[in-house]
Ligand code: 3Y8
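In structure tokens, one chain follows: the form predicted alone.
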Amino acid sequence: MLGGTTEASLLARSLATKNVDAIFSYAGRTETPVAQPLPTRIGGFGGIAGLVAYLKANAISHVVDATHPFAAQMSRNAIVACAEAGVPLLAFERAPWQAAEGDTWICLDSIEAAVAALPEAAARVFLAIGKQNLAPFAAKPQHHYLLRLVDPAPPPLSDCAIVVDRGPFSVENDIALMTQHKITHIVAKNAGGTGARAKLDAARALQIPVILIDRPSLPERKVADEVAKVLQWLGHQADRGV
């Protein structure tokens, strides 16, 4: 299983409970990943060829891609590698968030578009996009940026505050966080799920506009959105490893 999400952890617990022979793979971008009840590997595979070699060397019979919806390169590699290795692939993917009454969302297709959508006048921006895509926001140094990161890091932008925390988050705590930092805008990725939804509900309560980045497009693949559906797909016949 290619993991890293809350849903991946839920699936890992179910697989362990049912004694399914499985391996949990982390990309290694987080210094202290959540411990899993399955044998765990950390790090990349070395591209498509490396993943194909891993699948064959470990006699993997099924692959579940439960990576973050924005880990597009890993998902694309998994699609090609599984096809080359002849290994069935299932994406365990949470549904994207949908705007509700009272939300003020601008939905855009890229980080660059999100930067351009920020106002020219100085604002206080909750930049809730992780640590991988922060550099483009240096193009608008007039803003103060609030970053919430899993691991401590040197300030990547000239005017920013860093909060080190790990989800799931609550609406009450996110309201308090945004109020404390006097946030006027939020930039987020449409990751879906419940673990990071709180910031959007808090934004609605505080009437803060949200710039929401759409998910990257991927080639067609088989998708499940519930643990039970993944287990049904596996059929408890994964006798060589997942």
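Residue numbers here begin at 1 and follow the sequence given. Keep in mind it's a predicted model, so treat the numbers as computed, not measured.
Unshown form predicted in complex with the ligand; subsequent notes refer to it.
Visitor: Among 127 to 135, 112 to 120, 80 to 88, 99 to 107, which stretch has residues with heavy atoms no more than 4.5 Å from the ligand in the predicted complex?
Guide: Checking each option against the 4.5 Å cut-off leaves 127 to 135.
Visitor: With the cut-off set at 4.5 Å between non-hydrogen atoms, does residue 28 touch the ligand in the predicted complex?
Guide: Contact check for residue 28: yes, within 4.5 Å of the ligand in the predicted complex.
Visitor: Would residue 162 show up as a contact with the ligand in the predicted complex if we use heavy atoms at 4.5 Å?
Guide: No, residue 162 sits far enough from the ligand in the predicted complex that none of its heavy atoms falls within 4.5 Å.
Visitor: Is residue 178 near the ligand? Define near as a heavy atom within 4.5 Å, in the predicted complex.
Guide: No, residue 178 stays farther than 4.5 Å from the ligand in the predicted complex.
Visitor: My question is simply whether residue 143 lines the interface with the ligand in the predicted complex - judged by any non-hydrogen atom within 4.5 Å.
Guide: No, residue 143 is distant from the partner.
Visitor: Within 4.5 Å of the ligand in the predicted complex, heavy atoms considered, which of 183, 63, 191, 211?
Guide: Only one option qualifies, and that one is 191.
Visitor: Give, in sequence order, every residue of 2 to 35 that has a heavy atom within 4.5 Å of the ligand in the predicted complex, or say none if there are no such residues.
Guide: Contacts from 2 to 35: 4, 5, 6, 7, 9, 26, 27, 28, 29, 30, 32, 33, 34.
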